[in-house]
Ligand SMILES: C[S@@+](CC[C@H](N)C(=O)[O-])C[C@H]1O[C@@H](n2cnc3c(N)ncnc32)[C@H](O)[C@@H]1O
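There is one chain below, alone, in structure tokens, taken in the form predicted alone.
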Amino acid sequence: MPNVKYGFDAPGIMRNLILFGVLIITISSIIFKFSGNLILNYINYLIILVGFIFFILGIAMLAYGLKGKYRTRDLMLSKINWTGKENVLDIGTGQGLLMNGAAKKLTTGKSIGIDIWSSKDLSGNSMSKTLTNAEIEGILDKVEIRNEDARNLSFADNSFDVVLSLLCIHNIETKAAQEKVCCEIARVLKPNGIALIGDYIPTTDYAKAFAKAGLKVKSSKPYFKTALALMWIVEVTK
């Protein structure tokens, strides 16, 4: 059976951070070696520090893609008291990481993933790849994928027991549009349902939007050690 691969998030940014970091450190180190100017040396120290920050952020993204995203998925899924009957929505499913993970918890339930499949947001991103991964995972009969805008979901009110999303909402431009996504999540979530949203930026604004929409915010906090990178998760219930 072939290995299931779920890609690297923002591959261009990850590559550039690593390359720019190495380039900055290398050039500044060369200048530092041949410079006898004290002020220039102090400036080079600061530039090298910036280079290290770029490099470390890029390596963190690599570590997340190799291992951290799977640890984050497992953490998010562990926060749900599964019965196997849940209807699940994964917003920004990408290649199906959360959608497929949730589907493995189901018996009679259904796991639906939506996305617009942007290759700049995830390496090798495509609807066909998502279907292939579901087939490899052996849960193709438990999932459904749709090309859909998270700001205007086609689903009826109170449709889902669980709503999940990982590294998606930050890609939607403007705070107002992101708040609209949170309102849509609140709308389609069933009473007593749970939503878990993970992102590489603080989820404080998402938490405020959910509270404004009438949901109960259980927590909104960082999980850097789990993700091996920048990661915040907000957990809400209806």
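The structure displayed is predicted, hence computed values, not measured ones. From 1 onward, residues are counted along the sequence shown.
What comes next is about the form predicted in complex with the ligand, which is not displayed.
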Only hit among K79, R71, K110, R151 for heavy atom within 4.5 Å of the ligand in the predicted bound form is R151
The ligand contact in the predicted bound form: S118, any heavy atom under 4.5 Å: yes
* Are any of the heavy atoms in N125 no more than 4.5 Å from a heavy atom of the ligand in the predicted bound form? -> yes
Just checking whether W232 would be counted as a contact of the ligand in the predicted bound form - the rule being heavy atoms within 4.5 angstroms.
no
Query raised in the report: Can you check whether T204 is within 4.5 Å of the ligand in the predicted bound form, heavy atom basis?
Result: no
Of the candidate stretches 100-108, 155-163, 86-94, 135-143, the one with residues having heavy atoms within 4.5 Å of the ligand in the predicted bound form is 86-94
Contact check, 159-194 vs the ligand in the predicted bound form, heavy atom within 4.5 Å, ordered by sequence, gives L166, L167, C168, N171, I172
